[in-house]
Ligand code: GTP
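Here you get one chain, nothing else, as structure tokens; it is the form predicted alone.
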């Protein structure tokens, strides 16, 4: 930045990093805040900032008996989801960003955003938020500094990351930290950009206060920049949950799973086994992001870089996710949910009927039967992972956990069976690379449209997607003992348009088959597109599901797959010349196999 440092003296004595102090001074000179606050992460600071947020109307206290330490935030109605069309990868060349990312030249992006940031924090407090993505002390963790003018962002970052002095203790005097600059400005969609500068380890976000656009450690650093660094350092930064399964005999197995937003990801990460599986336990390591590296033992090891959950509220209930409901009982920030007369939260799908006198997510009296939802479809909860009753004791382990299976899943009404195992690593990468899912409210735009979302990373890959696939293929040579790869689809429907599989806790049955297959303990049926379970392979005892429904849920319809392959070609064409030949060959071999089978 062109302005000379002038605010070094504002740094408290516990800040010893000269590069950091200089950068903060430069940002202060540009944005011209009324004051600068360095966040230390203490409980006293949290309490003071929370009081400030309540006084300013940013947070509404909830019923202290029902939701102790919890608050409601209502965002600007024009600022309720990630804005993929305004999210940019700013690399020296367009080819580095690839055809699926929005691209802007770094100089152009800096110039455009600097004009809005000039004086953009006048009259406001500029918060300096040091944080760590990953367990403290882990060699896999990354350190970032987010400068923001939003107290809502600060309080969310305190939940979602290891925030405060501990981050600077880990950083020491090193100048190598992610530089994140965020300003809500006037929250005008016409002046809203989220720009990533991989070569500079920098993120600038203006005009939005929504979590995915403003909590810069999450999608921005942990995925977009994380994936960029992972390809250069031989690891994987993925949009994946991590869970552990423990058998009654005490055997523990860990899996990572990629689902697009609002496709049951948090529910799966906190799965409660049904009664049939007495003695089995499922533990959450992470619900959204996995950083995976090859361990000295030849296996793939994963850490969860986050410290909290930024989950979708609608649909969360005691039936769908009892562990999440316990997690959000206290010390939680709710965003854009409805407010009941007794100051509790409500959303579509939660337990119980909506009380009379409930206010909708914009604070308006809600009229039952209205076409609009009481809670925004992308309303959220931000809760500490420490609240999770099924949190893995390895969730904060600096070394992470070993991964035995990788699962790809989406929301598809047809074609994709309940569960499918790939033939090998390359075939598994092909399944993940061609994954399709119906769009949800987590991203701005139309819902219910099937789009390709490879590895659930389309909005989050920070470089050319074709090169990303090539990196996955290359990683096979780096992993002596690779995990098995699977695909699941909880949302397949029958001829009557009803779901064929009950989902929720019953997904444990599919998970057990996956774990058993990964360990070589059970059988399956080979099909043209992969291995699927036969009725006897999957434990269906105690379930209210007919053989006909199970066969329909696991069926491979070659006509549907023929249409699927045509759609895959369109996506391959979009990726262009960087699409790996190995994945094109997988598709061609499947076409040939289907044509031969249909000709019989």
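Please read these numbers as outputs of a predicted model, since none were measured by experiment. Residue numbers count along the first chain shown, from 1.
One more form of this protein exists, namely the form predicted in complex with guanosine-5'-triphosphate; it is left out here, but the text below deals with it.
Within 4.5 Å of guanosine-5'-triphosphate in the predicted bound form, a heavy atom is found for not a single one of 425, 434 and 512. Taking 402, 417, 384, 314 one by one, only a single residue has any non-hydrogen atom within 4.5 Å of guanosine-5'-triphosphate in the predicted bound form, and it is 314. This chain is drawn without guanosine-5'-triphosphate; in the predicted bound form, the residue among 453, 146, 287, 238 with a heavy atom within 4.5 Å of it is 287.
Using a 4.5 angstroms limit between non-hydrogen atoms, residue 192 is distant from guanosine-5'-triphosphate in the predicted bound form. Contact between residue 222 and guanosine-5'-triphosphate in the predicted bound form is not found at the 4.5 Å heavy atom cutoff.
Using a 4.5 angstroms limit between non-hydrogen atoms, residue 180 is distant from guanosine-5'-triphosphate in the predicted bound form.
In the predicted bound form, guanosine-5'-triphosphate lies farther than 4.5 Å from every heavy atom of residue 227.
Only one of 328-336, 498-506, 426-434, 109-117 lies within 4.5 Å of guanosine-5'-triphosphate in the predicted bound form by heavy atoms, and it is 498-506. Shown here without guanosine-5'-triphosphate, the chain has only 380 in 351-387 lying with a heavy atom within 4.5 Å of that partner in the predicted bound form.
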